[in-house]
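Heads up, the chain below is alone and in the form predicted on its own; it's given as structure tokens.
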């Protein structure tokens, strides 16, 4: 089974990394692909360029077996629609179950995604939640996809909806960017190699200190 975790990763931090490691272990995945978006369709443009965000992701995943920095959305360019990304992954992994991980907030807006119902023809959708999370009311389409068991995820290539609670780390990329802009230390929120890269490239620093 292959996991997919998309995002802007602006910057990648321990909240992202812990989620990827935990779902990989809990669901017995061969790999988790972390895929930075080129241009997210439902939010403002990232503060850092696609190339910088990919470089930070690659640094963060060094020595983490099974976690893959996947640049297919950046290579494709333009608005990054998940339906296109899953179609590309399905071509690469025709016989592997694909598990698309989405946060509970993103899942609440799933109906706004391009061809959202068609996502289930290409992958399972696994909603990452906090312990004690109560599943929201679901439309009939989603109710028909819902499973309470993990077994159907490995037995089918796509088509199921599953909720997975993980250890919550209350870390936000927005807060990290604000910390750096305020010339404060973001230590222990993201890997030191990523902090070194941010400082070297002067990413997220006050405008008057950088041309990036």
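Numbering follows the first chain given and starts at 1. Nothing here was measured: the structure is a model prediction, and the numbers come from that model.
What comes next is about the form predicted in complex with ligand ATP, which is not displayed.
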query: 106, 129 and 177 each touching ligand ATP in the predicted complex (heavy atom, 4.5 Å); finding: yes
query: Residue (of 181, 55, 172, 165) lying close to ligand ATP in the predicted complex, criterion heavy atoms within 4.5 Å; finding: 172
query: Residue 43, heavy atom within 4.5 angstroms of ligand ATP in the predicted complex; finding: yes
query: Proximity of residue 102 to ligand ATP in the predicted complex, heavy atoms at 4.5 Å; finding: yes
query: Ligand ATP contact at residue 13 in the predicted complex, heavy atom, 4.5 Å; finding: yes
query: Candidate stretches 89-97, 70-78, 129-137, 114-122, one within 4.5 Å of ligand ATP in the predicted complex by heavy atom; finding: 129-137
query: Residues of 1-29 having any heavy atom within 4.5 Å of ligand ATP in the predicted complex, listed in sequence order; finding: 5, 6, 7, 8, 9, 13, 15, 16
query: Distance direction in the predicted complex for the C-alpha atoms of residue 131 and residue 162, relative to the displayed form (3 angstroms or more); finding: farther
query: Closer or farther in the predicted complex, the Cα atoms of residue 131 and residue 155, when the shift from this form is 3 Å or more; finding: farther
